[in-house]
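The chain that follows stands alone, in the form predicted alone, written as structure tokens.
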Amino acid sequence: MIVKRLSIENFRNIEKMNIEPCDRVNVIYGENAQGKTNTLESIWLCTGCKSFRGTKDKELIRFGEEKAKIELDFFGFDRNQQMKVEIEEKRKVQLNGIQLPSANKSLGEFLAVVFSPTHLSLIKQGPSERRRFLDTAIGQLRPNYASLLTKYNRAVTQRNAILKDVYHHPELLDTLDIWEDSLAAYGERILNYRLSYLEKLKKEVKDIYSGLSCGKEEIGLRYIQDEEKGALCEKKDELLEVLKASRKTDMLTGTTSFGPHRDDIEITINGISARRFGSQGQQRSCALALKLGEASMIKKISTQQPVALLDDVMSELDISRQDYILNHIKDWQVFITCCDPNTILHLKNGKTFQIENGKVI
């Protein structure tokens, strides 16, 4: 995927903006609150996804205006294409002149991955953030995976409801077998997806992190379960056995204590926990490696290299790590935002845009 032209109108603090980026690294720099992240956000919305900042569509319109417009000319799937996004109460999307029924129908047409400071939660926060990363990444590539997760989570909710009521209604105990059988069956399929994806992701992430650290550090990824039994419980029968064994304890808490909804990814640097002992720069590098690894996986499976949108990625990275991002990410189009104008001095082959008050100057 290559962005050829970006046109923005009445989006956030941007009244009008037109840029023609290069095919490699594009650095968007300027002081805080000038529109750098807004520019990346406008590109991201062309993927069909919601804002990576968690903003409602109508809040994206410039104050005092009725609607915002984004036009993206891009090369993808071996041809030149155009995406038009209009935002009023909700988004309306045209692809190559054809109005789509809804914004999410554009999913998969323009591919991008985004890194923002919020993605540091992948390293710093609890297991739910890492599960969400894994499930979202798999969901982009395997459309039926989201439906599988929904069925699994519904079964967890039903089992939890029974666990809470069983003391008052002992007759419900017999129905636990039904929901536990469903949980184990869905759980086996979820684990198969997750473990397969993670095994392939490991290599991509290790190569990227090695580049970021100039080969001085090694990142490790390991899938872990809430209650490890020596080896991972991957099969339906194994999962079912643990669920039945944990019934008595689960009845006391009213929750299901074991299963894919409680699992985690352990992230290490040279064998040591990145979450507990990693520096700010190391944690940022880990999160970035995961996001760029996700992009590599998209390319391997879809054959299309997604555009990389890296917001405020340079903060807390040393010169060698900045140099890798600016000059050693090969065959990708990259958009990077930063505040420090000295950062662009290290760029060897790319294009720069200075943003001030929502305008390129």
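The first residue of the shown sequence is 1; numbering continues from there. All figures in this text were calculated on a predicted structure; none of them were measured in a lab.
Another form exists, predicted in complex with a small molecule; not displayed. Remarks below refer to it.
Chemist: Heavy atom within 4.5 Å of the small molecule in the model of the complex: which of Ile298, Ile43, Leu60, Ile329 fits that? Just give me the one.
Modeler: Checking each option against the small molecule in the model of the complex, the one that comes within 4.5 Å is Leu60.
Chemist: Can you say which of 320-328, 302-310, 61-69, 289-297 gets within 4.5 Å of the small molecule in the model of the complex, counting heavy atoms only?
Modeler: Result of the contact check: 61-69.
Chemist: Applying a 4.5 Å heavy atom distance criterion, does Lys50 contact the small molecule in the model of the complex?
Modeler: No, Lys50 sits far enough from the small molecule in the model of the complex that none of its heavy atoms falls within 4.5 Å.
Chemist: Contact with the small molecule in the model of the complex for Arg24, defined as at least one heavy atom pair within 4.5 Å: yes or no?
Modeler: Flag for Arg24 set to no.
Chemist: According to a 4.5 angstroms non-hydrogen atom cut-off, is Thr352 in contact with the small molecule in the model of the complex?
Modeler: Heavy-atom contact with the small molecule at 4.5 Å: absent for Thr352.
Chemist: Does at least one non-hydrogen atom of Thr37 fall within 4.5 angstroms of the small molecule in the model of the complex?
Modeler: Yes, Thr37 lies within 4.5 Å of the small molecule in the model of the complex.
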